[in-house]
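Coming up is one lone chain in structure tokens, specifically the form predicted alone.
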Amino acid sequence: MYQYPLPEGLTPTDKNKLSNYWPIRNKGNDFDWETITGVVLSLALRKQVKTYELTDYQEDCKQRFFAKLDEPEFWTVLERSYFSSQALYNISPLFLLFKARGRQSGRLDASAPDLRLCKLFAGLMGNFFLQDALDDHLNFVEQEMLSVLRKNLQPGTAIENDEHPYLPFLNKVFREDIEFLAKHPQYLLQALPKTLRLYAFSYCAQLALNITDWQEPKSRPLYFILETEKASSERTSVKRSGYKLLAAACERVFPLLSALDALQLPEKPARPLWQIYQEALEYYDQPKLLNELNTYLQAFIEKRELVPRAEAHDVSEAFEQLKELAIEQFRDARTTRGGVNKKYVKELEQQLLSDFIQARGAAGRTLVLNQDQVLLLTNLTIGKADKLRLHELRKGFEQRGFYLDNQTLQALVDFYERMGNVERMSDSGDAVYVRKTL
């Protein structure tokens, strides 16, 4: 490793700043999911409308149909059917690109919260894009309208990715799921917004569960029950690796990601903490690196007025100290840092986690999957296959960050049987196959 892994002249900042890998701030986190859906589609298709206005598109359609229709007055019927309501957006996913318009400057016309969440999905997408055009099955009128839109689409994406992936395992399944949805354009129309909410939860939860580890992240157990199940404090997996585990992990995110910000190289793509750690261990001049880290940590202790401690003996120990100090500063009751961190956690739970959390009596707050979320996860996991064995399906849920204990798995099979999308070859779990519902 020859590139110096840290910025030259590393010094602690006066305030903790958060710029990368996290869509939530301590306030101002109202997301417009239609805009976000349009941007993700732009990323997947590498197409955008830029500054092409919907009113201009409507006029272009009018001219197209005036030239083709024997009775031009029929245009008023089409205008009422497609433009006076939201029906236009039900023709093809391509029309969602109007939700992700650009400015004259070329930048995405979106609010700061939307930009942060779009950046999250741009990171999950990485260099992936759909090679094939969406295969819509449309009537004559809709084909003509889509043709007008296609003629005015421009190459490119509404937002660029400037981060190395924090959760490579999640990137892999996210891309597979987008590819699967693209094969079913009409299902994509209804499922993409829900899929994005699912992944926004999973990304934040899995990043929180992995952030203290120095190895490349992997899917960490996080247990859910079905909405129709009764919660019980006797279910150990749900109790130990459910909501409480997630809530505790979320408290470490802002402290560690803000510490990570200081370690990023200027004018380079952002790197996750685990990657910087590994690059540091591979750097050939360990004494130089250790000296710089120790100098930085001592300055950090002094600036934050933390308890003094001895210098680290090696780079690995220095990173451990960095992690401890980053978290410790938020426990200092003499400052407002603890309150700021709590606001970050509260905003995260309200804006991105709440769809999956329910208060369940004596069992307390519990992670829950409702019927729509279960069916979406089922269809995404089975994907291109016709059906999957039950244990393969469970593994696919886990790759996406959703874990079920045996009791919930049995409730899931009962649910599938009521839906009629299960084939039971015998009473053993290996002989149960589950089919998609689309």
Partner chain sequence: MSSVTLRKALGVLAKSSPFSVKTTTERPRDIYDDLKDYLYIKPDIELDFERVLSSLQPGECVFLCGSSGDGKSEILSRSYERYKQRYHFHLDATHSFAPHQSAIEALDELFDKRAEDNRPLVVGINIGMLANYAKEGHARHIELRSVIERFLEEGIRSEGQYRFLDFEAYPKFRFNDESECYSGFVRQLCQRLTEPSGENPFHEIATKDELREQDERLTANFRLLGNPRVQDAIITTLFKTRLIKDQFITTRALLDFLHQLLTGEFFLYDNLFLGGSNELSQKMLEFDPALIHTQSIDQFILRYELSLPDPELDEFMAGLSKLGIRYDGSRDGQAASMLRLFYLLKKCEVGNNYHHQFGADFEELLLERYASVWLMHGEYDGTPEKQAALRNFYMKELIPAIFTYANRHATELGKRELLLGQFGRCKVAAPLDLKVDFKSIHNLHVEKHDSFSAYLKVGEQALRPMEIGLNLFELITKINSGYRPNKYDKNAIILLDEMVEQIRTVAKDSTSLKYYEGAKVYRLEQDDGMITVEGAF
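It should be emphasised that the depicted structure is a prediction, and the values quoted were computed from it without experimental measurement. Residue numbers count along the first chain shown, from 1.
A second form of this protein, the form predicted in complex with its partner chain, is not displayed here; the remarks below concern that form.
A.B. asks: Considering 331, 80, 268, 107, which brings a non-hydrogen atom within 4.5 Å of its partner chain in the predicted bound form?
C.D. replies: Result of the distance check: 80.
A.B. asks: Which pick from 259, 188, 91, 97 sits with a heavy atom within 4.5 Å of its partner chain in the predicted bound form?
C.D. replies: Selected option: 91.
A.B. asks: Tell me whether 263, 274 and 312, taken together, all sit within 4.5 Å of its partner chain in the predicted bound form, counting heavy atoms only.
C.D. replies: Verified in the predicted bound form; spot residues all out of contact, no.
A.B. asks: Pick from 173 to 181, 313 to 321, 131 to 139, 232 to 240: which stretch has non-hydrogen atoms within 4.5 Å of its partner chain in the predicted bound form?
C.D. replies: So the stretch in question is 131 to 139.
A.B. asks: Indicate whether its partner chain has at least one heavy atom within 4.5 Å of a heavy atom of residue 9 in the predicted bound form.
C.D. replies: Answer no; every heavy atom of residue 9 is more than 4.5 Å from its partner chain in the predicted bound form.
A.B. asks: Going by a heavy atom distance of 4.5 Å, is residue 85 a contact of its partner chain in the predicted bound form?
C.D. replies: Yes, contact at 4.5 Å.
A.B. asks: Heavy atoms within 4.5 Å of its partner chain in the predicted bound form: does residue 15 have any?
C.D. replies: Residue 15: no contact with its partner chain in the predicted bound form.
A.B. asks: Any of the heavy atoms of residue 384 lying within 4.5 Å of its partner chain in the predicted bound form?
C.D. replies: Although its partner chain is absent here, residue 384 would stay clear of it in the predicted bound form, with no heavy atoms inside 4.5 Å.
A.B. asks: Counting only non-hydrogen atoms and a 4.5 Å cut-off, give the residues of 36 to 68 close to its partner chain in the predicted bound form.
C.D. replies: 65, 67, 68, in sequence order.
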